[in-house]
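In the block that follows, a single chain appears as structure tokens, in the form predicted on its own.
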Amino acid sequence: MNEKARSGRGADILLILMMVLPLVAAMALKILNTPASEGVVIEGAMVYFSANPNADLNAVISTDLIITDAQINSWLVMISITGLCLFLTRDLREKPVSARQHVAEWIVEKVEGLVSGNMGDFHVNSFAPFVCAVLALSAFSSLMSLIGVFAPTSDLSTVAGWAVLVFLIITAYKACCGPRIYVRSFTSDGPVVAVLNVISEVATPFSMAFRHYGNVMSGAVISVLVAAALKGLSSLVLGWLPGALGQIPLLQVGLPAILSIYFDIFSGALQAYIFAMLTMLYVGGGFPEEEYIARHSAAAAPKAAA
């Protein structure tokens, strides 16, 4: 093996470690900071640090600075995704010669096709990376529950932050042609409809956040409750078996895994897709493309004539 091949193999190993080690760190933090408990325990994000330990952590509005496992796991997911992106795009060539370059190009083509189909070709170059980032971050955050750690999408503050960011992008694109056209988008159908349009606009980040959070969190709660119920039912029905056989929750075998496939994998991926779709539809539907193109064409005409 020559020097170039050895350096390439070493870079691949480092990138694989960059993908795997954050997940290992998340599991280690979960194990080290979770106290032993009996029965069903359904809690929110674990608080690792609070600037004011005496503050009410359940308050709706709080100025206290806290660090939870939702925030830490979000950063760990981003590190893993960064490692995956670097791994797939390392040593790119004009003619694909590796399977991972084929995978990277397939992802790019699919995301660009998704953006083009929902927003038009005008937005492909500017929005394809953002949509791909939203899909990856949301899906991988939901899949964190598969390794037994708290999924960042099960915390309302996480998805609310994404929804606020998307809302700011929607507003910026709607107002890109000036305040007059932005206001006209609300009032063009009369004052009554204008009030409804304003309410709908304000409700956008709330609906996006609660839809995503509610589906992911409810799936996690249902999975835990069903697993606990099957454990109790197994003890009730099969507890008469002699020795250790009566203590084994045999009825837990199978069904929780099937529920995990739906709630953790299918539902998590579906919510990521829905969040990305809503982002594209809201931005694409609110962007005044004709006015934007006309204004920039008019501004470019004197420069071309000169």
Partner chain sequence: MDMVAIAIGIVFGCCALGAGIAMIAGIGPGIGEGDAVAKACEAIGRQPEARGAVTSTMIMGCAIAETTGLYALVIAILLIFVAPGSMGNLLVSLIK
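Residue numbers count along the first chain shown, from 1. All figures in this text were calculated on a predicted structure; none of them were measured in a lab.
Form predicted together with the partner chain: not shown, discussed below.
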Legend entry - Option from 121 to 129, 186 to 194, 204 to 212, 164 to 172 whose residues, in the predicted bound form, bring a heavy atom within 4.5 Å of the partner chain: 204 to 212
Legend entry - Sole residue of L29, I274, I66, I265 within 4.5 Å of the partner chain in the predicted bound form, by heavy atom: I274
Legend entry - Residue (of I199, L225, V103, L146) lying close to the partner chain in the predicted bound form, criterion heavy atoms within 4.5 Å: L225
Legend entry - Distance check, I261 to the partner chain in the predicted bound form, heavy atom within 4.5 Å: no
Legend entry - A99: touches the partner chain in the predicted bound form, heavy atom cutoff 4.5 angstroms: no
Legend entry - Partner contact for L278 in the predicted bound form: the partner chain, 4.5 angstroms, heavy atom: yes
Legend entry - Close approach of V221 to the partner chain in the predicted bound form, 4.5 Å, heavy atom: yes
